[in-house]
Ligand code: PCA
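In structure tokens, the next block holds one chain alone, the form predicted on its own.
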Amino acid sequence: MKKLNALAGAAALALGAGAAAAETWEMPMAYPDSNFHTENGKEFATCVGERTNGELEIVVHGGGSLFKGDEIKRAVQTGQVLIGERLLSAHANEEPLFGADSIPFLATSYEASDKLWQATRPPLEELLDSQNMVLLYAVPWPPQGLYTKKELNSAADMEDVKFRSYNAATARMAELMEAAPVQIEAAELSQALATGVAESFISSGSTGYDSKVWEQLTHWYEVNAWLPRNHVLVNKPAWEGLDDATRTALGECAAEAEARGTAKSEELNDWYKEQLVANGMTVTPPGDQLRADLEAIGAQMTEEWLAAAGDGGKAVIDNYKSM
């Protein structure tokens, strides 16, 4: 009996040691559980758990339930959470490089978006490192289109329209169309549309589908303005505190998540448009005048971004255009 008790005690100690060694990271994400980014994040978390034999558990919190979208980057940076996903272009006022993927009409297809990402990633990793973070992976949204509750013939038709912005590029585009920009996070979009706080916005078919915009809006113009990316970030001291095997597992799962998420984004692009049409929306390319107006706005915003980003920004664009 004494021997059995001793064995039971040893087993309990071993279990206790294993439990102490395991880590749990909470992972805030801004988009609902049904969104493909959040679903991809959960698959990534499962991969990490399996590859680390349960030594690192990542718990995903979708829909801005743990931290709102505009709080996630700082939460990771300061160690309030150790991992999180953020649309970095929303922080372009802080650093222009964060907005490289939202320069209007620079990269308007998945192939072009991939090339721009290759050009942007190395300097972006350096920038994030200086801000106490490590970049794991990034996945593009489908191309951005213009949602409205009326037919548009030109940019002048947007004058005084309350326009939801989610980053510096969308706010500036609103200003140049003489619309009225209103900063609204994705989790608050449905309510903002229902209450008239916002009447229009530019985003992917994914956001329109998630928010059931057909309940308030009528048109989606396929302007293919840009393909912004969601980035998964890790707190740098937490990353450095991991052993080599765990970092390797995180890196492998991140690479798989980036490839899987990008493929899913492209696969869903047409499906989202079909769902908007099925729910009564008019989905159409912009007319000649509207397209010309938007391209002129894009050219002005490109020049403004290059002026703000300086030599580093120019190097990114030159690298991208040389591919």
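None of these values were measured; they are calculated from a predicted model. Heads up: residue numbers just count along the shown sequence, starting at 1.
Beyond the structure shown, there is the form predicted together with this ligand, which is absent from this document and is the topic of what follows.
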field: Contacting member of M173, I83, L116, L87, with respect to this ligand in the predicted complex [4.5 Å, heavy atom]
entry: L87
- request: Check each of T120, S200, S203, N235 and return the one that places a heavy atom within 4.5 angstroms of this ligand in the predicted complex.
  value: S203
task: Flag A138 as yes or no: does it have a non-hydrogen atom within 4.5 angstroms of any non-hydrogen atom of this ligand in the predicted complex?
output: no
message: Under a 4.5 Å heavy atom criterion, is A192 part of the interface with this ligand in the predicted complex?
response: no
message: Even though the partner isn't displayed, in the predicted complex is G99 close enough to this ligand, meaning a heavy atom within 4.5 Å?
response: no
query: Might A186 be said to contact this ligand in the predicted complex, defining contact as any heavy atom within 4.5 Å?
result: yes
task: With this ligand left out here, work out from 70-78, 240-248, 122-130, 158-166 which stretch has heavy atoms within 4.5 Å of it in the predicted complex.
output: 158-166
- prompt: Out of 219-235, which residues reach within 4.5 Å of this ligand in the predicted complex, heavy atoms considered?
  reply: P228
